[in-house]
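Read the single chain below, which is given as structure tokens and is the form predicted alone.
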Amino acid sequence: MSKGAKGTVMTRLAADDIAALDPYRFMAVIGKRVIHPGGRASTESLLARAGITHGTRVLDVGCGVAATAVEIARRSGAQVTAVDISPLMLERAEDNVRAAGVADCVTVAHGDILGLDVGDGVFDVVIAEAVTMFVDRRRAAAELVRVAKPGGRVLATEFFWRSRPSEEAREIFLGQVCPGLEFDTVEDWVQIYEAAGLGAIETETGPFEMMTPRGFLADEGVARSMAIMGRVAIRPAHVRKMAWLMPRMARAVPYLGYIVVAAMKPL
């Protein structure tokens, strides 16, 4: 166990567990807050299109460590339900919400994008950052649309290939770093969300920089980046995981990008 903000006790993983973590959960364990394909830039683009105000009801699906949910609460005071399927992520999310002092606005709960425990047409804004691509994409997109109100907004960020990857880069990223991940082109993502019933679809794309040195600093700032690296350095298991992960990421980064999808559920 380890102490989080305000004395929260968080699970300390064994070395074998750390070695088995996917990159998203590993970033959460070492304290990274921004864990999306486009980093802070893609979240800012998403929020600029969301139209969230104080009275907006927001669902953040696959909330991770709740960085976006906390940001929404800080900016607007809107009520945000933040759900994730991973107990580890939920633990970190609850800690971050308490540390940010927004527990009156953000509710953290277990939730599966393929079967949300929510009625039809409940939320004004539904957000999914880097979630749909890990599961049955069409089923997940349909579920996001189902829980949005008619006239509501559905927004997502996803990976896409900015240029045709080498076979080595594709195998390393989809076979070793993120096994089970599925994505392809911007046009594919637009078609998936259109088929789910959304209209007025807008997209924005950019480079994947979340785990590059420049992107890391831009997302976390100098002080937090140094704290994260310090957290890595004090545990051999963290060092080994980082040493395994970063060279493999470097092979794929030149081909990777992010897409922001913003759309409306018809009335």
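Residue positions are given as counts along the sequence shown, with the first one as 1. Note that the coordinates shown come from a computational prediction; the quantities given were computed from them, not determined experimentally.
Another form, the form predicted in complex with a small molecule, is not on view; read the next lines as being about it.
Not displayed here, the small molecule is kept clear of residue 258 by more than 4.5 Å at the level of heavy atoms in the model of the complex. In the model of the complex, the small molecule lies farther than 4.5 Å from every heavy atom of residue 152. When contacts are judged by a 4.5 Å heavy atom cut-off, residue 94 does not count as touching the small molecule in the model of the complex.
The small molecule in the model of the complex comes within 4.5 Å of no heavy atom belonging to residue 59. The chain is drawn here without the small molecule; in the model of the complex, the stretch among 160-168, 78-86, 183-191, 118-126 whose residues come within 4.5 Å of it by any heavy atom is 78-86.
Only one of 29, 35, 70, 198 lies close to the small molecule in the model of the complex, with a heavy atom inside 4.5 Å, and it is 35.
Site annotation in the model of the complex: the residue of 156, 108, 145, 113 reaching within 4.5 Å of the small molecule with a heavy atom is 113.
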